[in-house]
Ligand SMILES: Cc1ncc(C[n+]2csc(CCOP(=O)(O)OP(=O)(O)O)c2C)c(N)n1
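Just one chain follows, in the form predicted on its own, and it is written as structure tokens.
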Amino acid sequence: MMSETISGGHLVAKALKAEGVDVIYTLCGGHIIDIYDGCVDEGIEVIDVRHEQVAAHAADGYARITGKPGCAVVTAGPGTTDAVTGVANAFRAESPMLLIGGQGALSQHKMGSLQDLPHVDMMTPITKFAATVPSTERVADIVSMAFRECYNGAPGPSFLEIPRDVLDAKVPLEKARIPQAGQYRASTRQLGDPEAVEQLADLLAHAEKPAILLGSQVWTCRATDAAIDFVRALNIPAYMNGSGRGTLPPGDPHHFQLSRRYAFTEADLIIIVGTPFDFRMGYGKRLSPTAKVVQIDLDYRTVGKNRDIDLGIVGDAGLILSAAAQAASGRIENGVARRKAWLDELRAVETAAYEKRLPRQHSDAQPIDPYRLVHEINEFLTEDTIYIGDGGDIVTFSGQVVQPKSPGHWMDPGPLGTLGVGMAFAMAAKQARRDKEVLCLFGDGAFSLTGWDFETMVRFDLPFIGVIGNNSSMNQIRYGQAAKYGEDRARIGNTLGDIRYGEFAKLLGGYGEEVRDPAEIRPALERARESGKPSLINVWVDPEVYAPGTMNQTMYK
């Protein structure tokens, strides 16, 4: 009696199923089609896109939204190189995803087979794990190994190349190790050093003016409730960045945004959770030199990098914040009353900054002031709207104004600053959470990089509200050129055509509008929502207006 056999592609699908993956993002190629066959049998949806960069970005976005690992599957050679940017973006953003790339047959190794490249060598610097699958029997085992590496310390991407003959071959089922769901992964939630938690509790008990920054790892660790309990129990003002935005809702007495620089200058205790001291933090130089600085992170290598700290704790943000709050709660005498003056001081700074900007948010100018656009978007968001920012100058405006109303409802590229993530993030967000509304703000330059996958959104019936802040320029770069080389050279290499993207949406089967009057922004957004289709509202904004962050050129400092 012959034993049952299974192919490499079907082993991939079984391993993905064990990881909880229910969709792969892909662009087809002859090296990888047996994986599709396996996914059909395992009930894994196959979403085929128009560019491999989109597939990788979508896998990244899926991981951010769901907390489960994302997966993209691309063919060898140019298929894999096209996905490099998406993997690199996930690497800097600490997003757990697996990219599977094809490869020529092992029997043709070093013979110059079709699309043969040293993929593993290229991927190693931008992944936590990169390897070749050497035999069909090992396929599922090594897929599970790659996923485990995604969660080693701070999360990140892995890469596997699977030679064509390894993927297509069949082996006796009993010879292949197929890891079972939930039976081969250790818990990744680490409490951190108990003595360090006690030290943090003492610092909290004695601080007069504490402040906390809740970074992306608060969402990665699903530590929202712990973070909220922490700031409320200890009466601490909270600032949020990256995926940490939305941890506290707008209007919460502990939610602060516009006074961060003031707070980090005046505070005597600053707690940084899940954010490295990279360019976004001025490499740590924006923190008061006299404040006690505490850093909590999943990755030991991040703690104390670029700036000395007073206390570092490695572990899960939720567990550490909960333990510290419990340890400190009995040590603070009159803490709430004592810190009320500090919160009032920050609220006054916050209010002054908001009121200074408010006239521009209500501006009736034409072309439209970008502040008016992002104000209208912020007013339009609901508690169930996932907001995505994809662009340079226009998204810098939105970072000051747009406040997601729920945890996990903010997505941006992350520290790599990659343009072109928006369409893929919208695709992943809507596919994973069809109960949510998805709104993406694009710069016109960012949209043009991956905009053809608007058709994929139409094809798979993934409605979303796309808004393009159109100034016919790559304005963030244009400003820097003007400042450095003069106005006569300001438009070299950064000026785009006046494209009516609302018509582009209609061409591909979606909903589209052109908006030049600021009074029409909100009605256009409402009509896009009601259309039930993928949509693009093309808003013509003033090309001569720049975000403060652009004018400070913070990306280069």
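Heads up: residue numbers just count along the shown sequence, starting at 1. Since the model is a prediction, treat every value here as computed from it, not as a measurement.
Not on display, but discussed next: the form predicted in complex with the named molecule.
- Does at least one non-hydrogen atom of Met474 fall within 4.5 angstroms of the named molecule in the predicted complex? Taking the distances in the predicted complex, the answer for Met474 is yes, it comes within 4.5 Å of the named molecule.
- Task: Although the named molecule is absent from this view, report whether Pro237 comes within 4.5 Å of it in the predicted complex, heavy atoms only.
- Result: It does not: once the named molecule is placed as it appears in the predicted complex, Pro237 has no heavy atom within 4.5 Å of it.
- Task: Decide whether Leu449 counts as a contact residue for the named molecule in the predicted complex under a heavy atom distance cut-off of 4.5 Å.
- Result: It does: once the named molecule is placed as it appears in the predicted complex, Leu449 has a heavy atom within 4.5 Å of it.
- Query: Just to confirm, Leu287 within 4.5 Å of the named molecule in the predicted complex by heavy atoms?
  - Reply: It does not: once the named molecule is placed as it appears in the predicted complex, Leu287 has no heavy atom within 4.5 Å of it.
- With the named molecule left out of view, choose which of Pro210, Gly242, Gly392, Gly318 has a non-hydrogen atom within 4.5 angstroms of it in the predicted complex. Answer to the contact question: Gly392.
- Item | Among the candidates Pro163, Gly274, Gly443, Gly466, the residue which, in the predicted complex, approaches the named molecule to within 4.5 Å (heavy atoms) | Checking each option against the named molecule in the predicted complex, the one that comes within 4.5 Å is Gly443.
- Tell me, please, which stretch of 480-488, 136-144, 384-392, 68-76 lies within 4.5 angstroms of the named molecule in the predicted complex when heavy atoms are compared? Selected stretch: 384-392.
- Of 418-432, which residues get within 4.5 Å of the named molecule in the predicted complex if you count heavy atoms? Stretch hits, in order: Thr418, Leu419.
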